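As C-alpha cells, one chain now follows by itself in the form predicted on its own.
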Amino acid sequence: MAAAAFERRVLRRAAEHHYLRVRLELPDGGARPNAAQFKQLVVTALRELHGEVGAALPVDVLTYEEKTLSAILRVISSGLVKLWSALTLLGFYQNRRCAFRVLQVKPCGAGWLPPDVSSGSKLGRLPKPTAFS
C-alpha cells in the first residue's frame, strides 16, 4: 500500500485576509436568510462565542447565493480562528437547527471569486463590502 502524498506549502508573507467558502445547512427547510440576514447570523455567531469583541471582528460577505445558502467570507487573518470556531459552534437559526459547513479556506480569494471581484492585483481587487443595517 502506497503512502499518502503530502505536500507542504509555506507562505513567505502572511496574508492580510483569509477567505472562507461556507454553506449554511437548514435540515428542516423553512425560510432562507437573505444576504442581510446571513451577515447578521455570522455576527450573531461571533457574539455568542466571543462576546462583543467577536461581534466587532471585521467580516465581509463577498458573495452570497440564497438558493444554495453558500457564501464567500473575508476576514482579517488574525480573526480566522475566531470566525471559524463561531460558525462551527452555531446551532440555531430562528429557533431551528442549523449548521455552518466550512468548505474551504484560502489566504487568497483568487480562483473562486467572480471575475469582476478577482480581477486586478495579484490578490484580486475586492468590492467594497455591502453595508447592512
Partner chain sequence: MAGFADLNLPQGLDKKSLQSLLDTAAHLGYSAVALNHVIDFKEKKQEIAKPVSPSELFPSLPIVQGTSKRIKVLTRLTLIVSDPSHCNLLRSTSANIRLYDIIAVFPKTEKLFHIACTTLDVDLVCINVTEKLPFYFRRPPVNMAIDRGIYFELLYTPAIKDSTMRRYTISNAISLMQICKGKNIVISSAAERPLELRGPYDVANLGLLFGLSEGEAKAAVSTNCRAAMLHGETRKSACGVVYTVKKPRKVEEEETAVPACKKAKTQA
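Being a predicted model, the structure only gives us computed values, none of them experimental. Residue numbers count along the first chain shown, from 1.
Another form exists, predicted in complex with the partner chain; not displayed. Remarks below refer to it.
Among residues of the shown chain, G29 is not one whose heavy atoms approach the partner chain to within 4.5 Å in the predicted complex. S70 falls outside the set of residues with a heavy atom inside 4.5 Å of the partner chain in the predicted complex. In the predicted complex, none of the heavy atoms of A56 sits within 4.5 Å of a heavy atom of the partner chain. Though the partner is left out of this view, G51 does not reach within 4.5 Å of the partner chain in the predicted complex, counting heavy atoms only.
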